[in-house]
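Encoded as structure tokens, the following chain is the form predicted alone, with no partner shown.
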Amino acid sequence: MSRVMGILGDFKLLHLINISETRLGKLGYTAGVPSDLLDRYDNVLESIASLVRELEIKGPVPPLEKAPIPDRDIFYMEETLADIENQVSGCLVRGREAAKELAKTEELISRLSMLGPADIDFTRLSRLCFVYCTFGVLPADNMPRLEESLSDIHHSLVTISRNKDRFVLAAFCLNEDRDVLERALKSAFFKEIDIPSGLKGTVSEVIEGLKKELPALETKAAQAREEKEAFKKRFQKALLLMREKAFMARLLLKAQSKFGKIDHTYLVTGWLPIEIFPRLKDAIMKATRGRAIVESVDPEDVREVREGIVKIPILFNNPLLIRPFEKLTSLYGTPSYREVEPTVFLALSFVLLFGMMFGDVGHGLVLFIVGLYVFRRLYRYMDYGIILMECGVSSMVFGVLYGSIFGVEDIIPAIWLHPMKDINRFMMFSVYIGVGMISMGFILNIINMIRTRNFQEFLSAGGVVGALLYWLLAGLGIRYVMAGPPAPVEIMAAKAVSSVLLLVMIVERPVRVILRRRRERGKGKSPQAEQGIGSMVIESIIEALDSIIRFLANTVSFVRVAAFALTHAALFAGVFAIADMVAQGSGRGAGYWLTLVGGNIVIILLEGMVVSIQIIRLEYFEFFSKFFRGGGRPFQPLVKQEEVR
């Protein structure tokens, strides 16, 4: 089993099914986690973390070429770690002691320097028999209160140095009044300067002696640092690699809680991409010398899947340019196994809409350059770099269509239109885009109904009938815009067809309920108490009217595509107006160009963010809502790369 776990760690793409969720698990046949071995790995990880911290090891984590075999590799790790600790521990102890001694000496010099103006003789102070003395810092405002508190005892407050808000004092009193003095100093927020006992000579002599010790202490600390640096270079890769192996081994051990076990036989059940199954089977059979059974089962043949106890997990598998948009899909939900995976449609429409709303060659080029830098330099944010590059290319394409370069529209001719000069045309095109996306949503919803065998919703507002009604209304609208009012015959035909479609949408649910109740009576079953047919019809009428209103609202919502494109152009006009105002007094000097550069930066940052938010809103509320039900379970590999690292 340990060798098989190592193979599972190598393949990574295995989503384990928790045996406790199945009937076998409910009977108690679970493997459990070997707690002793897990504790040993915890100790190894704790020791590695301590060494990494002490040696100040940083840098890239080396990739694991092969997953560990937990119950075998622990011995190698413990032995190797003990050897490294034996070699390094002396150096670390010397380094800590040297650094501590150096810091202590420097701190003492700093404290004694505060007493420098008085040049106090510590030898004389050590001979005092009847007088108590202490040094410290007192807030200047508290001096009168301190004097008043000490008025009943013999005392002396000697000012050593002073600035505008504090005194450095030496406070003296008789030994018998020491408690009174300390209470008074504490109430006045006196902060004592800790002076070690046994100092001989004046302050300046002590400081000079300590400064002579500094070079030797610094040399000692430097030698310890050099020795530590040598150990760091020597063991850095080994410790980081060992930490990765220990992390993965620990994950593999914890995964055993999802295994089944009967006597000496383990049962590992999970999901994996079907194309890697033959390789996994060969590796397991080879590792176990044939003493294993490895089977692939069609999901439809799994009873727990049919009964809904276990859900088939979803593993996204999109090309590199589409993959970054999977995060936006996951924010809305995870598609179920039979649903259409919408990331491709999201990516294409997102890039298209962004280009339309943010069309400018210059701004698109800036986004592309920033995205390219993120893609090449910031590995963790590579997905965002790809999105920025794609949106930048789309912006440049539409910038050419609009004839706009950093807001200047007279450098290149507009191949298509100028947003500010062709407002009506642009708005109508935005509505056409909306009709296309909503229609695609209907088509995908019909496909989902077929794939999930949800035929009972086929005649509903979200199915074929609703789609036909929407296309009829949208076709009439487009016909009116492009060719004028429809002919009377066309209007009569549209009324007749729409009436039939509305009637089907209204009666389909009550008819389904009536037919189901008749089937139940035919089988001798008494139908459950449900909503009346009359109230159901009224409810269906309201839902049908609501659907028509939503169709229109969803379509009109896409006018915001044109609105934000116009806003983009209007912001350019505002920036140029401000730059011209700045240039009136000094001509087109530095102020003019700085205003243009600053204005373009603001437009890119502010409107780029706003446009992205608006596109996501259109995708989620106007497009995804037509077909995306979600409720699926994301694929969770046995070992995630981010968990290991």
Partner chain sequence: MLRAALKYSYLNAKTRTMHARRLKPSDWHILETTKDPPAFLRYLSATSYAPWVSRLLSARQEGNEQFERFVFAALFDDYRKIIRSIPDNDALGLVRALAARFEAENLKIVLRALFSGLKKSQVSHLLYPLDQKLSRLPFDSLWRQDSLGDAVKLLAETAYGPMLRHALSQVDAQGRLFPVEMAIDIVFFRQINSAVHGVRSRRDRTSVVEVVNSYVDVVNICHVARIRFVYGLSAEEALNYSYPGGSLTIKGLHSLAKAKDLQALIKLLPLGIRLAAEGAEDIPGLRMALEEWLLRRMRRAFLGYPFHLGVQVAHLLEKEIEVRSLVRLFQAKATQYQRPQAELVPGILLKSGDSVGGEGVVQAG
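Computed from a prediction, not measured in an experiment: that's the story for all the values here. For the two forms, the rigid core is made up of the largest set of C-alpha atoms that agree within 1.5 Å on superposition. Residue numbers count along the first chain shown, from 1.
Not pictured, yet referred to below: the form predicted together with the partner chain.
Residues with any non-hydrogen atom within 4.5 angstroms of the partner chain in the predicted complex fall in just one of 135-143, 460-468, 543-551, 322-330: 135-143. For the options 289, 127, 191, 154, the residue carrying a heavy atom within 4.5 angstroms of the partner chain in the predicted complex is 191.
Residue 180 is the only one of 114, 294, 180, 511 with a heavy atom lying within 4.5 Å of the partner chain in the predicted complex. In the predicted complex, the partner chain lies within 4.5 Å of some heavy atom of residue 186. A residue is said to contact a partner when one of its heavy atoms sits within 4.5 Å of a partner heavy atom; residue 148 meets this definition for the partner chain in the predicted complex. Comparing the forms between the shown form and the other one, the C-alpha position of residue 140 differs by 2 angstroms or more, with the core used for superposition. Fitting the two forms on the rigid core leaves the C-alpha of residue 336 displaced by under 2 angstroms between the shown form and the other one. Annotation for residue 558: C-alpha shift under 2 angstroms between the shown form and the other one, rigid core superposed.
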